[in-house]
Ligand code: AHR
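Take a look at this single chain, the form predicted on its own, given in structure tokens.
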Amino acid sequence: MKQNGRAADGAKLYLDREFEVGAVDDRLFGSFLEHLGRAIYGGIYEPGHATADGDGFRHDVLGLIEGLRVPLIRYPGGNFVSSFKWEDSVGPVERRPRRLDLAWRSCEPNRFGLNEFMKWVRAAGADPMVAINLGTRGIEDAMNLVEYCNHPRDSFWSDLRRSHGVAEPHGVKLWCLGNEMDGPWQVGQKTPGEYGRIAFETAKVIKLFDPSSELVACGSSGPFMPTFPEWEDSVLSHCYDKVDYISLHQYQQNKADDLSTYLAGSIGMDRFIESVVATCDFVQAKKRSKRKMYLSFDEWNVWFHTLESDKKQEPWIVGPHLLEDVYTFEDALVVGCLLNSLLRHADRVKIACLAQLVNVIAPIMTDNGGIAWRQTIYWPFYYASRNGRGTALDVRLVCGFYENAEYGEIPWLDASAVLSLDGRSLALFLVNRSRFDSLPVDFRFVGFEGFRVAERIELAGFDAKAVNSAETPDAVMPRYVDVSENDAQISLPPLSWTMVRLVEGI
């Protein structure tokens, strides 16, 4: 990397078709719905809304979700799952109990439950990723849940499901073994030894039921935890041979309003991923195992705008206004950088869930009884999900950088590249971190003869604090830029996210 220098001095982006990071699993573009705030009640589910169907599903929201092409949605938590009794959420709605949720100090009426979610997630064009309560519950309840969801007939729990009007099994293939079990905020917090053992035994019974099931063990709640990374080492030492993924959670914050540090957050995400990979490989070596452990980054996003205001929310009500971060243009740039980090590690990160999907730290917002709209962060996710599937390539940069007290040397350019499955389209996702300078980028490609720029889309030219709202839902929107005849160079505007798509033979 070139020594220091301004963004205006330019960057060189080197790409060789033969130098692959790995296949991008479609599930890298997953999302998350928790029984938290207005994610469910007033979000995806609002009987009586003008767009709601007979099941109470808001179709204006479904339309915006379908635009994201989310292949996977994690449910029902999150912290909520650690005291969740799944049996409360099935059967005749009028008989379901109202419960107090200690995680978010709310009331859960159980009007939208397990079977409603399964119907809704299919309507959204996605597959379910179901979290199991290993906080207040354990192995037997997990066995019962799996049988209820996945066994066809002629057993107690499968026949109970059928009596609830669901004749066919749900076919859940991906299960989370608890949530953030090292967190002191968690109902049923566990030591690594306690959790490692119950994760192993729970994984064992699920694999006995269906060996093709995929299982995610809980990693540390974040790299800030005093348990990290010893937690991963200890937990995997117990359950490495029975699980398929270890989870990562991380949220970016800008409470100090320090944009240069905020935009460098993806460097921290890179280091977090690489530390977990190293720990997984260490356990693999200890066990002399031939199995490679993969990563499920099943909570990631920006989250800090509502940390103080949420403390004032009235407790024990249904659908409170919690974690309703209103995202700015600079938040969208950070999300673009975080997506780049996930793509740069596509060889090991196979599942990722933007947390969350609607109203709660979400790309989509709603008014109860009113409209739904896209937040600023919707757009980088939208284009990455639509164009970032295929094979991630190894991007090498020669670029100036700025010095940052927290992260060190930060290149002005953040980048990732994905070759489509048919090998005929190349997508580049680029962020110029400079607030003041345009960034000229020279492309130095090998193996892409005959490729030409077909499309260029930018998020640029907005005030860093610009937002979308119900009154101005399109204030921050991407724009199509006329493509240049010079396919070897592009100039990125200051403080911008850009997608460049090249196609063979146009």
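Note that the coordinates shown come from a computational prediction; the quantities given were computed from them, not determined experimentally. Don't overthink the numbering: it's just position in the shown sequence, from 1.
Missing here is the form predicted together with this ligand; even so, the following discussion is about that form.
Out of the listed residues Trp303, Trp86, Phe272, Trp379, Trp303 is the one that sits within 4.5 Å of this ligand in the predicted complex by at least one heavy atom.
A heavy atom within 4.5 Å of this ligand in the predicted complex is found for exactly one of Tyr407, Tyr251, Tyr402, Trp157: Tyr251. Leu36 belongs to the set of residues with a heavy atom inside 4.5 Å of this ligand in the predicted complex. This ligand is not drawn, but in the predicted complex it has no heavy atom within 4.5 Å of Cys353. For Ala372, no non-hydrogen atom is located within 4.5 Å of this ligand in the predicted complex, even though that partner is not displayed. Among heavy atoms of Trp104, some come within 4.5 Å of this ligand in the predicted complex. The chain is drawn here without this ligand; in the predicted complex, the stretch among 313-321, 199-207, 353-361, 113-121 whose residues come within 4.5 Å of it by any heavy atom is 353-361. Using a 4.5 Å heavy atom cutoff, none of Phe443, Phe448 and Thr498 lies near this ligand in the predicted complex. For the partner-free chain shown, nothing in 362-393 comes within 4.5 angstroms of this ligand in the predicted complex, judged by any non-hydrogen atom.
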